[in-house]
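A single chain comes next, written as structure tokens; it is the form predicted on its own.
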């Protein structure tokens, strides 16, 4: 961790030597550790300490970006020169307006000192507990325990300066027998809050109950989706449709003012909530706004960065990704509204359906309809007359996530935090009345 003032000094060097009309500097720092285990043994412990500096320069409407992880004076000069060279070779972007102007950034706590100081021995102790629980039940454990402390800072020649330190910890495991598997994970800002016994117990229980699965014919079934599977749904909605760029390019399902999912579904992005993984500003230094995306089934909002906002004469919502970026703005702190049910109630209300722990290897087929194909994994069960009657072999599904969210009967009263590539989301479990399974497997 370099700290706010040292990073500010590096930024001042960049801004002082850049001759561009506008200049932006982004700092991404990581000090992390990862303990991996497989075959019920720890097999790898790695640590990474990296500091990446990205420089974006603007000459008129020509833009260039270059990066380095060498913070020496000579390297800083070279990365600025590289960005300048790249910019001069670019075509003008007629839609570019300006880098963002400064705005006050609310303070939010996203840093837990106990995570930053978490030791390899502490990760090994947790991993060892998971492995022992598997061995005690004649199962095999694999997985990983990650702990990281990060620094995000942004400055530009218009006066922007924003700095935010953060931490995150995640323990995940797949526990297997010769014919079954169970998955569990836990995510928190504070590594000490992760309970390895609870993670192990959940995965062991799934692995034991899903032994010797039987086949089930593909078709349309009721489903109970655990939070792991619901998180996949939110990730695809974000990737395919919640971005203003996706709408501007005509490739989004979001038709503002129109109903797109069921009345009981509300989704929003909130980078300030302490229950998630807070991030108070984006990768351009713009303060994040809480953005309602779907309210009671109706598409009501999109996320913007300075580029997409400039095309419409609007203000950025603070959702820029690091430049250069072809994806457009992206929500990274998603929340789904809760209901009043628990999984036991979902189970009892199901006449004949499938309990799904999580999805695997999901890929989009039709972005505008959010039709996705993938597999069930690590705990799939047949439900009849309100009871789990036994494990079933995994199934392939081909399903519109929008149609699934239009068929939600029950929503969990509690949410679970899941970690994404750049943030975290909180999601409940769902009971869906119709979900299409298009193929069967042999495992």
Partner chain sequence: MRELIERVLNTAQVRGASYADVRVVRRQSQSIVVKNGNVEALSIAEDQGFGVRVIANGAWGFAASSLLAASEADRVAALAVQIARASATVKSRDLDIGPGTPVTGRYRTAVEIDPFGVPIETKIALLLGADEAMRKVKEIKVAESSMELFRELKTFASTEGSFIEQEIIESGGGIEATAVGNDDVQKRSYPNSFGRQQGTAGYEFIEAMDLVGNAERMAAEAAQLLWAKQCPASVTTLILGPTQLALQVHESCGHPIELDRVFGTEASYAGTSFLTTEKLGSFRYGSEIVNITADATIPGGLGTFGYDDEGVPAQRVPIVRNGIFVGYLTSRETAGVLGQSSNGAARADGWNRIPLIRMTNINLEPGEWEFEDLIADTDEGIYMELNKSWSIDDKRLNFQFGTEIAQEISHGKLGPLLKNATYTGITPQFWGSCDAICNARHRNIWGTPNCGKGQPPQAAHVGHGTAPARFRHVQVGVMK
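Positions refer to the first chain, counted from 1. Note that the structure is predicted; figures quoted are calculated from it, not measured.
Absent from the display: the form predicted together with its partner chain. The rest refers to it.
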Exercise. Its partner chain isn't shown here, but in the predicted complex, which of 349 to 357, 322 to 330, 152 to 160, 259 to 267 has heavy atoms within 4.5 Å of it?
Worked result: 322 to 330
Seminar exercise, completed: Heavy atom within 4.5 Å of its partner chain in the predicted complex, from candidates 408, 417, 42, 392, belongs to 42
Seminar exercise, completed: its partner chain in the predicted complex has a heavy atom of only one listed residue within 4.5 Å, and of 273, 289, 137, 82 that residue is 82
Exercise. Quick one: does residue 95 come within 4.5 Å of its partner chain in the predicted complex, counting heavy atoms only?
Worked result: yes
For this session: Verify the contact flag for residue 195: yes if a non-hydrogen atom of it lies within 4.5 Å of a non-hydrogen atom of its partner chain in the predicted complex, no if not.
Result: no
For this session: Determine whether any heavy atom of residue 200 comes within 4.5 Å of a heavy atom of its partner chain in the predicted complex, and answer yes or no.
Result: no
For this session: Look up in the predicted complex whether residue 131 has a non-hydrogen atom within 4.5 angstroms of its partner chain, and give yes or no.
Result: yes
Exercise. In sequence order, which positions of 41 to 72 have a non-hydrogen atom within 4.5 Å of its partner chain in the predicted complex?
Worked result: 41, 42, 43, 44, 45, 46, 47, 48, 49, 50, 51, 64, 65, 66, 67, 68, 69, 70
